[in-house]
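Shown here is one chain on its own, the form predicted alone, set out as structure tokens.
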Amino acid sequence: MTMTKADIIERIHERVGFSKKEASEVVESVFEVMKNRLEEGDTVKLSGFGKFVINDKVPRKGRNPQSGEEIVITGRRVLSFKPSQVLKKTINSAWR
């Protein structure tokens, strides 16, 4: 089962008592702040949950597997997530 943004908004609406419009504005605002900080190259750390980190990949040589031709793989930025120890422990205890 996948949790969507709409599911998060619904949970906030139910648990906190915000209207759906207010819950939607809160979720959108949080995501917007996180997105802006990540665009700037900052790390976003949520205590007890984990951290989102931007890593820069430098250009490198590669090879086309079909033709064997050498190509240059362009540099890019990638987003990675590292879960906190608390989240890891919670997930693993729920799995057993």
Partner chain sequence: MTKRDLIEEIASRYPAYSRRDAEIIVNTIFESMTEALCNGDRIEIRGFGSFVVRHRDAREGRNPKTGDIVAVSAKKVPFFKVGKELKMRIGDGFVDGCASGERQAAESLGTEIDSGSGFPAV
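All values reported here derive from a predicted model rather than from experimental measurement. Residue numbers count along the first chain shown, from 1.
Keep in mind the form predicted together with the partner chain is missing from the figure; the text below concerns it.
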Report yes if any heavy atom of residue 77 sits within 4.5 Å of a heavy atom of the partner chain in the predicted complex; otherwise report no.
yes
Is residue 29 close to the partner chain in the predicted complex, meaning a heavy atom pair under 4.5 Å apart or at it?
yes
Taking the partner chain as it sits in the predicted complex, is residue 37 near enough to touch it, meaning that at least one heavy atom pair lies within 4.5 angstroms?
yes
Spell out, yes or no, whether the shortest heavy atom distance between residue 20 and the partner chain in the predicted complex is within 4.5 Å.
no
What residues in 3 to 33 sit within 4.5 Å of the partner chain in the predicted complex, counting heavy atoms only?
3, 4, 5, 8, 11, 12, 15, 16, 18, 22, 25, 26, 27, 29, 30, 31, 32, 33
